[in-house]
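Presented as structure tokens, the chain that follows is alone, the form predicted alone.
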Amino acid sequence: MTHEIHLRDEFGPRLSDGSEAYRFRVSKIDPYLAICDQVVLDFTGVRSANSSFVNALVSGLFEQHGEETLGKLVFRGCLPTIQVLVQAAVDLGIIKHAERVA
């Protein structure tokens, strides 16, 4: 089963509130990672985002679940500037997970 989340529908074209992203992740993404084969975060229509939002949305998933999250989470429709933020958040989460496990 695939669960798709259209971020523009949830937050509008500008993603900037990290605390809002954290609450959304905990309530709307974390539960689906456990029960779905794939979770799609669709950034289509999102024109800008900041690192606070993207880190709160993405980094914690990898910090909590580790690299296996790469096989379940799909990022779609990212502008190049958002791709950079997403990659940095993934890397940060994986590093934090490794530190926590070690």
Partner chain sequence: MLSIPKYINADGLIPFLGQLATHSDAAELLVDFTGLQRVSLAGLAALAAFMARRARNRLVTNVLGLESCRIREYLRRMNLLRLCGWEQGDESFERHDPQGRFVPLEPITHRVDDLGDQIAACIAPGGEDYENPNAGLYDAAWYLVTEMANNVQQHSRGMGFVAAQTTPSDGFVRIAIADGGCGIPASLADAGFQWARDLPDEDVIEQALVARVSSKGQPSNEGVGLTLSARIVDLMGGHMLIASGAGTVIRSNHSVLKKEHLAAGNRYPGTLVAISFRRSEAADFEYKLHKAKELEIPLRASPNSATFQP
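Everything numeric in this text was worked out from a predicted model, so none of it was measured. Numbering follows the first chain given and starts at 1.
Only in words, not in the display: the form predicted in complex with the partner chain, which the text now covers.
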If we define contact as a non-hydrogen atom of the residue within 4.5 angstroms of the partner, is Arg76 a contact of the partner chain in the model of the complex?
yes
Considering only heavy atoms, tell me if Ala56 and the partner chain come within 4.5 Å of each other in the model of the complex.
yes
If you check in the model of the complex, is Arg47 within 4.5 Å of the partner chain, heavy atoms only?
yes
Given that the partner is absent here, does Glu67 sit within 4.5 Å of the partner chain in the model of the complex, heavy atoms only?
yes
Any residue of 73 to 95 that, in the model of the complex, places a heavy atom within 4.5 Å of the partner chain
Leu73, Val74, Phe75, Arg76, Gly77, Cys78, Leu79, Pro80, Thr81, Gln83, Val84, Leu85, Val86, Gln87, Ala88, Val90, Asp91, Leu92, Ile94, Ile95
